[in-house]
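A single chain comes next, written as structure tokens; it is the form predicted on its own.
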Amino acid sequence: MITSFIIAGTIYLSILIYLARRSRLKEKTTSNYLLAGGNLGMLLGLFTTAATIFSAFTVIGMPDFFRTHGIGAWIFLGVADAMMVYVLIRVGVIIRQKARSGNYEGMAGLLTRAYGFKFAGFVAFTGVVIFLVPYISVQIRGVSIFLNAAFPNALPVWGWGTIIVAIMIIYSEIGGLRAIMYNDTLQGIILFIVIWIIGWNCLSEFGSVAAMFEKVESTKAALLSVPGPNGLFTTQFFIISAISIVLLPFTQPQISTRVIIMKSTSALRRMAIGLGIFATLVILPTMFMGMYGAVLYPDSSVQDFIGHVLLYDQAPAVAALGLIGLIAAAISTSDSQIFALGTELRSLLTVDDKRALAITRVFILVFGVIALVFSILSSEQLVLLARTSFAGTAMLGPLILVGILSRKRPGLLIPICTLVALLVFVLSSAGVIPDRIGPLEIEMLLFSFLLMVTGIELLRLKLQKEIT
């Protein structure tokens, strides 16, 4: 496997270098460097968006999630992804048109103009920093631990993490967002191929889908129903998860930027439909992998189970390709998120373009280093941390949607309440305050609170319009 990994890794890095050099910018303006010129086609938009959404948690986290909690995950993901595609088509077109009517530089800057004060932009920027940095870190850590387990005498965990972050920063600095999108396309294709090869091998162990479910039922029948053996898939869990997934294209800046820079409305619509198909197809084989683990490795640790399903139970060439796919999955999301944090910071700066771009490039490096430091300390619960990240950024939804879609300029109510909700959610996630009050989870309470605040603000704007 080592020889296969070296060969595959060399080819992969060579392609990355070629794509970075090809996308190297002759003129490094904000539009070129941070927004790739604002002219994204359907196919490139599909793969770069898919690659930013489906990352290391897809390869490592989802199989273990299915193994631990059962196929209820497939039900809520299928429904939620379909809802996301519909909302992306309906609302994304409006947001894209409004953002492109002005000088779009980032969602935080757009909100500053929509509300008329920087506080709204800073709330959005604070939210994405708080919830994206830990998510970036856990992906880097997950891959680093896995590489350390595969090659125990090569490098320590922090050494692998440093290499991964260095690769992301170098080609991001060379080619900007266009380089990242080219690499995302490559990484999305690799992820799709790898996960289907391994998923198909796991399914072949049973002979058919029906035989797989029969074997799982005889092993642990609770895996085939909700709320699952651990009682995770409750009504509140599904509602919160669906809201978080539906709002992804608008609340996660690495995705919203791609939505806005699509070159046409028709390209955006085709990309959204393609994204829904990609999501369905890329999650399906992770269910095969999870059911495989539920039968053969029900009591193994996450690392031991993933080690077998990706490495030890596969042919050497497939195992090497699996490692490359895992690295590609982590990089494809982490680089986009780090770069998006730099873009959001740039949108809040009021200095001239050249100086703002220089500051942004420095802070992209800073965010990369922060993510590396956090990766040494972070948890390995990829799926649940991903859900926490999605839920945290989803709380920015009312702030973003009201600010962009409203014809009247909103007031301070929603930004202030959003900041309070983010603070409460952080304290709850850290265990400082309870994560539920009575029968209701804290996320459900916070989403209900923000929905009520949104209704009050919309009513105020309506009354203001009637008076004037």
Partner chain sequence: MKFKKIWWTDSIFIIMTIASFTGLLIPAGQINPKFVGIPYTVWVGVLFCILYVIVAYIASKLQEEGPDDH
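Please read these numbers as outputs of a predicted model, since none were measured by experiment. Numbering follows the first chain given and starts at 1.
A second form of this protein, the form predicted in complex with the partner chain, is not displayed here; the remarks below concern that form.
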- Location of the partner chain contact in the model of the complex, chosen stretch of 389 to 397, 262 to 270, 169 to 177, 363 to 371 [non-hydrogen atom, 4.5 Å]: 262 to 270
- Selected contact from 277, 351, 377, 154, since only one has a non-hydrogen atom within 4.5 angstroms of the partner chain in the model of the complex: 277
- Message: I need to confirm a contact call. Of 242, 356, 296, 302, which residue comes within 4.5 Å of the partner chain in the model of the complex, counting heavy atoms only?
- Response: 242
- Message: Given that the partner chain is not shown alongside this chain, does residue 229 nevertheless sit within 4.5 Å of it in the model of the complex, heavy atom to heavy atom?
- Response: no
- Message: Even though the partner isn't displayed, in the model of the complex is residue 128 close enough to the partner chain, meaning a heavy atom within 4.5 Å?
- Response: no
- Task: Indicate whether residue 95 is a 4.5 Å heavy atom neighbour of the partner chain in the model of the complex.
- Result: no
- Item | residue 307: touches the partner chain in the model of the complex, heavy atom cutoff 4.5 angstroms | no
- Task: Using heavy atoms only and a 4.5 Å cut-off, decide whether all three of 123, 425 and 432 touch the partner chain in the model of the complex.
- Result: no
- Residue by residue through 193 to 223, tell me which have a non-hydrogen atom within 4.5 angstroms of the partner chain in the model of the complex. 209, 210, 213, 217, 221
